[in-house]
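Next up is one chain by itself, shown in structure tokens, the form predicted alone.
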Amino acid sequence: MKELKPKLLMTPGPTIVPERILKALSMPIIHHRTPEFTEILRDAAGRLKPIFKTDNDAFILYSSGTGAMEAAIANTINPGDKVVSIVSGKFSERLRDIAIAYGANVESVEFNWGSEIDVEKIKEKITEDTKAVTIVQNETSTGVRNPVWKIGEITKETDTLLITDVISSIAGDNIQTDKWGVDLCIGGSQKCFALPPGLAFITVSEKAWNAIEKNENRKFYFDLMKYKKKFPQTPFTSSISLLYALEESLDMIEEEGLENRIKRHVDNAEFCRTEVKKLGLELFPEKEEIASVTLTAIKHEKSEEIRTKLKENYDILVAGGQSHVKGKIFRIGHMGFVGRSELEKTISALEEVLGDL
């Protein structure tokens, strides 16, 4: 394999993987049907719960975060069920499109990318026959945080499920699954956990289990009942090395302290926004108070040229825009174990690139 030149990975996932986690990935492979592996899986699933701030069941799936998104829909939505999808970016579009693929009658409540969602407009669409509401808490494509708890206030005392993607914010932002009334909460490995891609996480409430037991939709690999019945084993072959890495990531999170870790993400986000504004740049979110704490989205008509120069001249990778904002914004990730020094290096290089432009 051709050797890759190392680069400073300042994208909103995948993120920098610390040496401790890389070392854990190289541990000897054991068989996944042994007591040793069972103990690792049980431990990891249990340690995820405090990070999600939930008493609900937590499962580890061997896929990207999109696999857990599909599992949430496939296990609860029957063809013809009404689903209200809150759409304000690329990944909320994905949740909506998965629901459509599984035959849901989807009512899409759409908002401009970068804008604040209108909870009253959403509330009007949620009726007694609404099976589920889908929302992305931290929309990676726009750098906007959405107020999931406000939707939970609408659905909590009803039969309507709240399906929430926290893939790019869990372990970096203050996610309160139970307090917010989230029934299926979806996470992923390659963002704030600072793992390689390949693991997805999902928590399941009692209300969600009731829906799952009555579900008639076809599913196989992502059948959550199989995971529940088999736990603390898995119904299929597990990604053993990634489980080792997850255990090491959880060790590092616990050593730092979850609340300290969240504060670090908040502080780094504020620092990044302040510094890019000093450079005369404009944030993409319409209000700074709705801006993400794990990435910063920035407007610029030469965003692709900026990204190219950062990569070629400084070995720094930042992300571009997606869909209709491609070429109009770029995005700096500051999640996982990204620290102030990496941010300062990125901002300094960005300042020089802007000077060259």
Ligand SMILES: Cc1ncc(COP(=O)(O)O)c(C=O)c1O
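Quick note: we count residues from 1 along the sequence shown, nothing fancier. Not measured: the values here are computed from a predicted model.
The protein also exists as the form predicted together with this ligand; that form is not presented, and the subsequent description refers to it.
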### Query
Can you pick the one in H265, R145, R273, R94 that has a heavy atom within 4.5 Å of this ligand in the model of the complex?
R94
### Task
Identify which of S168, T177, T76, T164 has a heavy atom within 4.5 Å of this ligand in the model of the complex; exactly one of them does.
S168
### Message
Within 4.5 Å, heavy atoms only, one stretch in 284 to 292, 64 to 72, 41 to 49, 26 to 34 touches this ligand in the model of the complex. Which?
### Response
64 to 72
### Task
State yes or no: in the model of the complex, is some non-hydrogen atom of S249 no more than 4.5 angstroms from a non-hydrogen atom of this ligand?
no
### Query
Does this ligand get within 4.5 angstroms of any non-hydrogen atom of N138 in the model of the complex?
yes
### Query
If you check in the model of the complex, is T160 within 4.5 Å of this ligand, heavy atoms only?
no
### Query
Does at least one non-hydrogen atom of T130 fall within 4.5 angstroms of this ligand in the model of the complex?
no
### Query
Since the partner is left out here, which residues of 168 to 195 would have a heavy atom within 4.5 Å of this ligand in the model of the complex?
S168, Q190, K191
